[in-house]
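Shown here is one chain on its own, the form predicted alone, set out as structure tokens.
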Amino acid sequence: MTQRVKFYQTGTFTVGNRLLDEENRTVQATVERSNSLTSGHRACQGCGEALGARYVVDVAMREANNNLVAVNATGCLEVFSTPYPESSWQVPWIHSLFGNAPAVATGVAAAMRAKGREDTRVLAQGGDGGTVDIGFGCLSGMFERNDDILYICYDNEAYMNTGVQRSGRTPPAARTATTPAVGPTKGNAFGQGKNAALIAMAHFIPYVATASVADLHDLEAKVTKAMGMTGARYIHVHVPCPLGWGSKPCDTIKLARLAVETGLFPLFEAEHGEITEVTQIRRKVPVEEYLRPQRRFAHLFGKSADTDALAAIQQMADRNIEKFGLSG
């Protein structure tokens, strides 16, 4: 069990935090980082996905002794990092279709075994649309076969690259291009969507975790643990999107932290279908504090607040806190 870094001990929120002992620093604070996703990409200011991918892939490269192949689904991460004929990737990197990254990664892993290259590790990654919607059949097959692949889902809760359309991870009441804030029920409907991490657990694969760019040390620790295992592994990373959420670029980490502190995005680990660790909420906050800075929820706070919708979202957060034992 890793010891959580207490930032108040150092008095700073600096990414990497060079005031910490060397063994507690993030990979970004070391000269050994691979910079696998390097400068020159075209992500928006404050992009949570770019930050999450940089940490994930650099840690995976370190744990694989720089012997890693990355397979990328279509989506924001693929588009902003590889505008033809350029690329920001300094790692063997493959892009195929929107929905078949898990299948392509399975083929890469099989090819490496056939070539006797079992020391080469395979990482697959995609957004929530390419993971829980379009690519879900391929992902479930990868889980069912227990293929030796680490799959990362960067969840920004909509199809951001194609114009902010609703996905299977869009939260209720959120405004998107396909769930406008009009009519008697404004925004995305309640009672829809998928909890991909719990579905992954139902496949009884070796490792499942949720993580957030709000806690990069925790994210790194989970990627490190996953890379130390074999078989199918899945990490679901929450990555706020200023463009799609209508939030300030400088609020990306703040919003990611609030999602955790409200209970709307629980952080946990599971092995073979059983939860083994949860991250306790140190400071529980009401969901309004998380929702208000996002224009996609502005209709909940108009001249007359939608108290029914706010109460329903608060109930979702409270159920998560109870279900996962987040309050200690």
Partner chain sequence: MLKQIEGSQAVAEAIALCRPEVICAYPITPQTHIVENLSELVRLGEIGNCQYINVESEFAALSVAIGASAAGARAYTATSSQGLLFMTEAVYNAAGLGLPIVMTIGNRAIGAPINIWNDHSDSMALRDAGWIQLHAETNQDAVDLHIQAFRLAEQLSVPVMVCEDGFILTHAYERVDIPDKQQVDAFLPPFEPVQVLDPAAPVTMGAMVGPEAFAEVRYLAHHKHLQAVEVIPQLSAEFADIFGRDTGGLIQPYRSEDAETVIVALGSVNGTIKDVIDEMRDDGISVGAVKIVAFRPFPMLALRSALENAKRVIVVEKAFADGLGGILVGSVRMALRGLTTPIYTIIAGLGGRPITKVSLHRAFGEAVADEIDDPHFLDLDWAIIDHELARAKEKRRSGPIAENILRDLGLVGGKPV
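Numbering follows the first chain given and starts at 1. Being a predicted model, the structure only gives us computed values, none of them experimental.
Another form exists, predicted in complex with its partner chain; not displayed. Remarks below refer to it.
> Heavy atom within 4.5 Å of its partner chain in the predicted complex: which of 181, 104, 199, 227?
Looking at the other structure, the residue within range turns out to be 104.
> Can you work out which of 195, 247, 120, 146 has a heavy atom no more than 4.5 Å from its partner chain in the predicted complex?
None of the others qualify; the residue that does is 120.
> Would residue 116 count as a contact of its partner chain in the predicted complex, using a 4.5 angstroms cut-off between non-hydrogen atoms?
Within the cut-off, so yes.
> Evaluate residue 91 for contact with its partner chain in the predicted complex, applying a 4.5 angstroms cut-off between non-hydrogen atoms, and reply yes or no.
Residue 91: contacts its partner chain in the predicted complex.
> Please run the contact check for residue 276 against its partner chain in the predicted complex: heavy atoms, 4.5 angstroms, yes or no?
No - in the predicted complex, heavy atoms of residue 276 and its partner chain never come within 4.5 Å of each other.
> Even though the partner isn't displayed, in the predicted complex is residue 188 close enough to its partner chain, meaning a heavy atom within 4.5 Å?
Output for residue 188 is no: heavy atoms all beyond 4.5 Å of its partner chain.
> I need the one stretch from 202 to 210, 152 to 160, 170 to 178, 80 to 88 whose residues put non-hydrogen atoms within 4.5 angstroms of its partner chain in the predicted complex.
Stretch with heavy atoms near the partner: 80 to 88.
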